[in-house]
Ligand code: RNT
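Let's start with one chain on its own, the form predicted on its own, as structure tokens.
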């Protein structure tokens, strides 16, 4: 502890010399709640059907042993993850993770009662819930759902999503804080498409009907995608579509860092989108060549994303959720790596000498601006991070690795 304290004091002095208050940065970081994604623990299979086969443009790769097989195991994994993360966080659920009691409940029949257990569990463990409708991995998914030209199929998915909003409303009411309800559908086409306008018209009309009822305890988020596996040529719910819809309807736009072309900067979208929508929901992932949902690390893309949010003074208007499902490594470890990496990126952004940089920029002192940006990269942010972990009572540095290993020996290795 003495070494940590000494390192922190030195770091605080170094930052103070650039006009940065490390205590203020730590308090801001403490207020940043990540929405942890339940689907990392079981590879997005859920508890709706025993086979749990993925379809609908997404794919989890790898077969590391020990994935969660039921709600009890999933909850245990999440509690272990929570114990290794500084700060207070949320949990994001997909509809297929309901407490269905071993019975098949089709998606147009799901009710808040199927998530009563989750709401009670979340209250007991100090977690708030977010929610997602689930359009994939269902006999009626196919290539199209809310944009399907068959009215009966379209009606099925409209009803499903309406019910998901009601569930989110009950979650928000129970926890005294709005539940973020994310809507993403995989609708698209593998090859050449000649009815693009028709499908987007149908999707728009489906969304209008879904959002017809005003629900005060939840918030609607709409998520775009570049393409899906087997749906590479055309995506109905493109970024342009949802940005236009979000602006015109006052909805929250979800930016998934894996849902854009690899040469696009998601960070650059922050200041543009926030001018026209009330909030942004982030789904933080790490694409490698495609939306491969690798575990988040502290790389340039996420760092720049965090910097742009802080520079726009938008921490209160950007919700940060994780969204990856790597089945090739220890799943609990993957959770912890990605969550802590995301927090580190935001800490580094909060420790940026922003006022001095803005002053340089305002005076046209671009040499000084670039020089300070470069020097700031070498400031001892890691000592501030270590102190944050120490104060929050979670492992400092790589000490969390031993905890993950122990949990694997005691718990996940016994799952067959």
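All values reported here derive from a predicted model rather than from experimental measurement. Residue numbers count along the first chain shown, from 1.
Keep in mind that the form predicted in complex with L-rhamnitol is missing from the display, and what follows is about it.
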item: Heavy atom contact within 4.5 Å of L-rhamnitol in the predicted complex, the stretch among 148 to 156, 221 to 229, 298 to 306, 100 to 108; value: 221 to 229
item: Proximity of residue 184 to L-rhamnitol in the predicted complex, heavy atoms at 4.5 Å; value: yes
item: Touches L-rhamnitol in the predicted complex: residue 44 (any heavy atom, 4.5 Å); value: yes
item: In the predicted complex, residue 245 touching L-rhamnitol (heavy atom, 4.5 Å); value: no
item: Proximity of residue 94 to L-rhamnitol in the predicted complex, heavy atoms at 4.5 Å; value: yes
item: Listed residue (283, 331, 160, 340) with a non-hydrogen atom within 4.5 angstroms of L-rhamnitol in the predicted complex; value: 283
item: 77, 326, 291, 130 - the one with a heavy atom within 4.5 Å of L-rhamnitol in the predicted complex; value: 291
item: L-rhamnitol in the predicted complex - contacting residues of 379 to 402, heavy atom within 4.5 Å; value: none
